[in-house]
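Next up: the same protein chain in two forms, each one alone, written as structure tokens (structure 1, then structure 2).
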Structure 1
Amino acid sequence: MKIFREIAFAAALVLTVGPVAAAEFKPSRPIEFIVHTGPGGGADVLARFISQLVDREKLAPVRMQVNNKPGGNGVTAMSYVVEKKGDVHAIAIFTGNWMSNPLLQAEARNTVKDMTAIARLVIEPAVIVVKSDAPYKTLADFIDGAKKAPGQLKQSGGSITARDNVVRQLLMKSTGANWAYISFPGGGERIAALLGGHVTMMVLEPQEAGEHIRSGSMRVLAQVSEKRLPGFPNVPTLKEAGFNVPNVAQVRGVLAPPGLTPEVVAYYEDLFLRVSRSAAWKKYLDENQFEDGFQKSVELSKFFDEYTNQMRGILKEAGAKLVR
């Protein structure tokens, strides 16, 4: 009887342990890391930092390869991700405009809810900057200049649904000022347009502006954040500068194509949890004035709904025409 009990116990172990081990997932070829901007944009910079960190600290058995898919104000990348349904070797950086795009663009047929939520990583403030030799010392100076020459001043930015344009729309509506918005596919091009004197102002993340601010080629007029950032203690927030407009949060994280199994989701969720706990990542957040916004898949899926509803309200206030 003892022998039969031991055989039964061993069989039970096979039934309970065997399938779990078989279900474990690890990537077997390079991971495609999809970015909706051209080189130099905030999402591109973040994706390349993560891929280098993962490789340097051997957090994955394979390398990550960044694949830039600009176009259509993010629509191209979103469609590309959805079309890769079931591809376990593809992930993408999402930003806030992946949620606002479908609210404003009828051609944006896919939403983040059509994809697989993996992890939210950071919440990013922004700064409003001009070239260092511009005549504007404060945001109020710039607004006054825009009022005196309607439509003549220019702002470089990303897609029309990106945070930089939403901030512009809110400021124009609240002040009566008006200035042009010039869209560029990559962050490097947007910055070059400012430094070359082709545009007057930018709204961008400290991550993108950092070296230019430190070198003195850019001047910060205001911060798009709830409170002053440690790196800019003498620069007012929008509200402190006298502009009572909503704070438009920028979020970045990772999602994947639809149709992935829970085991694949768990692998990537754990990978980015380990990324978020690394010393290199914490240093990166501090250097770029980012807030740690880590959320796992289930919480991120709920956040998608909350953020979309919040952006719907902000865009209505900005006077945007919604299609959903």
Structure 2
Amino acid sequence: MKIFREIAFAAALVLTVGPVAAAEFKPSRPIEFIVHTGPGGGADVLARFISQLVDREKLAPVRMQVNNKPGGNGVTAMSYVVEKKGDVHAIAIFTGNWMSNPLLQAEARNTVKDMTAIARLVIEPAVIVVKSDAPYKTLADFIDGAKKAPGQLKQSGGSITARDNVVRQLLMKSTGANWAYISFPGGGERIAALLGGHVTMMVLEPQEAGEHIRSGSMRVLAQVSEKRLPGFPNVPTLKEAGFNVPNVAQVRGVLAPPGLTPEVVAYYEDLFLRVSRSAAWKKYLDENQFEDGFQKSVELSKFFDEYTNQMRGILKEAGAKLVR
């Protein structure tokens, strides 16, 4: 009896909700917000900030519930998103790693092209810094120094797929200079290695760099961004400094499981458009010195291809073994 009642109830639900959903989609239960890091990782902090913003400004009729799916450098979360095929109440934060890691890891079964692009949100610019007692005043000085002593100068950074290394590869290719890249797992260790004089240069988030520059412990040589950041009006961008290298964006945004109807995509696209227009969001971008990188689903989908191809070329040149 109970089963019959449930079937009847489900049928009634389909009958009433079905036609409405086709016209315009609205989430009816909490949205699962998937994050590939544990609590406290960069993507996690962003997801919790967004869910709090959506809740407070009542941008959606339901709550967003952050669900951490750490493991496998994001591969676990990516498989999880693909398994949720057709689920209209699930979205995930993606970062550049979602595009570059599958190129190197045979264990990864999915790429971002297997999912539904929703919106690109943030572009994180960076600055190239040296310790303030280093002899280099400009990026050209540093490059000259590196040419005079090939392989002697050092840069601290993350894994070889990190943006830090991408910037290095591009600069080395365009100038013919050569310097070492030393990987450190944590951001703190990278900065400590620079401040302790153990490495020469690093690529750093502008927010963190700002404070070290203000206290006089670091100097900025150039900024990795399309146009000059408000916090660094007197520092040239790479192009302005005379280095003709493509600007590799460090991005974060939102995607969803595969198999969604255009109505659902449109709903989430609009939701994140409203998020990106809110005052709290603008304040968040300013405080972190991020750039507004909003892009809708169609453009984001194209961006996935461009970025993946760019990374493929860069990683190949860096000598990494590609699996895709």
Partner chain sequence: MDILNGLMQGFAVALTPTNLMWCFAGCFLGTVVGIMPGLGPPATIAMLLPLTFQMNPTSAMIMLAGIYYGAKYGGSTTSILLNVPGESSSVVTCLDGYQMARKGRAGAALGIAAIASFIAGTVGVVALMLIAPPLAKFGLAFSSPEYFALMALGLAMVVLLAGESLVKALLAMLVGLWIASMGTDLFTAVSRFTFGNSEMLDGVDFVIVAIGIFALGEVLGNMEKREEPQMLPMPKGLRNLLPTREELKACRFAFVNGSVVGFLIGVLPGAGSTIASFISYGLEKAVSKHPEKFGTGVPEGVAAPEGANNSETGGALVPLLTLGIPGSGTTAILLAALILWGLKPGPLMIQDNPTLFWGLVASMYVGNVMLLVLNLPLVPLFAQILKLPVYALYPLIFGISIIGVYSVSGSLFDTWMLAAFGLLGYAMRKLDYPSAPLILGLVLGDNMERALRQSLMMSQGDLSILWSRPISATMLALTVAILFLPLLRRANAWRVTAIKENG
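Just so it is clear, the structure is predicted and the values come from calculations on it, not from any experiment. If you superpose the two forms and keep the largest set of C-alpha atoms that fall within 1.5 Å, you have the rigid core. Structure 1's sequence is the ruler for residue numbers, which start at 1.
Of the two forms shown, the form predicted in complex with its partner chain is structure 2. Relative to the superposed rigid core, the position of the CA of Thr116 differs between the two structures by less than 2 Å. When two forms of a protein are overlaid on their rigid core, residues whose CA moves 2 Å or more are considered shifted, and Glu211 is one of them between the two structures. The angle of turn of the smaller rigid part against the larger, between the two structures and from C-alpha superpositions, comes to 33 degrees. When the rigid core is fitted, Phe184 shows a C-alpha shift of 10.9 Å between the two structures. If you overlay the core, the Cα of Ser159 moves by 7.2 Å between the two structures.
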